[in-house]
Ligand code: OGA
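The form predicted on its own is given below as one chain in structure tokens.
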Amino acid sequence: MSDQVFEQIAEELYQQGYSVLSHALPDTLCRALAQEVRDLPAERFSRAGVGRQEAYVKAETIRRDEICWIDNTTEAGHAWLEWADKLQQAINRRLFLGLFSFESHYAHYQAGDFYKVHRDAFRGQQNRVLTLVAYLNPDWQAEDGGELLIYPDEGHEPLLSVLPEFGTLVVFLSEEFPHEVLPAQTDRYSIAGWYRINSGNSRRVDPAR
């Protein structure tokens, strides 16, 4: 089943630069991740910021979610990173993107939290190549809000509006598509991840984050 999902993602990336698939994550994996993110102690989460390294700041007028980075130290985290690695290999085989590494975190939006329009990578600074978002919200309803809006490269009308429904997976070219998260009426859980290329050189590997 995952092989078919990987092939569809690669084909849609090739054709249009983005892919949105319902029930894309294996159900057992999705349930394990959904349980883990809800069981994590509050102190594992930190307020998210914007920018990288020296330019990193916490700006609650831009985003108000809290995040927890995912690693191999838990069963669910290990299974997730294995699945993401298989997707990386499939995309590289199909599209020759040279994806080198992957980083991801849980994101928790409390009622009213948002993330205004932004890009995940800027032209000429491309080490984040693909953005991946997975949703962990069972029984999500349209009236709960929290949509992901994806915009064309130029333009103010959304290209896509995606409800954060359980098992839905969104993948898109990080440089090409501005996007935002609208406020939800209840707690909203997701994973945000990025596939990167190595923009370093023979003496230095570009750091994961």
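One-based numbering along the sequence shown. Remember, predicted model here, so these are calculated numbers, not experimental data.
One more form of this protein, predicted in complex with ligand OGA, exists but is not displayed; see below.
Novice: Can you work out whether Val20 and ligand OGA are in contact in the predicted bound form, taking contact to mean some heavy atom pair no more than 4.5 Å apart?
Specialist: Output for Val20 is no: heavy atoms all beyond 4.5 Å of ligand OGA.
Novice: When the contact criterion is heavy atoms within 4.5 Å, does Arg63 count as touching ligand OGA in the predicted bound form?
Specialist: Output for Arg63 is yes: heavy atoms within 4.5 Å of ligand OGA.
Novice: Is there a heavy atom of Tyr115 no more than 4.5 Å from a heavy atom of ligand OGA in the predicted bound form?
Specialist: Tyr115: contacts ligand OGA in the predicted bound form.
Novice: Would Leu33 sit within 4.5 Å of ligand OGA in the predicted bound form, counting heavy atoms only?
Specialist: Although ligand OGA is absent here, Leu33 would stay clear of it in the predicted bound form, with no heavy atoms inside 4.5 Å.
Novice: Tell me the stretch among 69-77, 133-141, 96-104, 83-91 that has any heavy atom within 4.5 angstroms of ligand OGA in the predicted bound form.
Specialist: Heavy atoms within 4.5 Å of ligand OGA in the predicted bound form occur in 133-141.
Novice: Name the residue from Ala184, Leu148, Val37, Leu173 that puts a heavy atom within 4.5 Å of ligand OGA in the predicted bound form.
Specialist: Filtering the options by heavy-atom distance leaves Leu148.
Novice: Could you list which residues of 177-192 come within 4.5 Å of ligand OGA in the predicted bound form, counting heavy atoms only?
Specialist: Stretch hits, in order: His179, Val181, Arg188, Ser190, Ala192.
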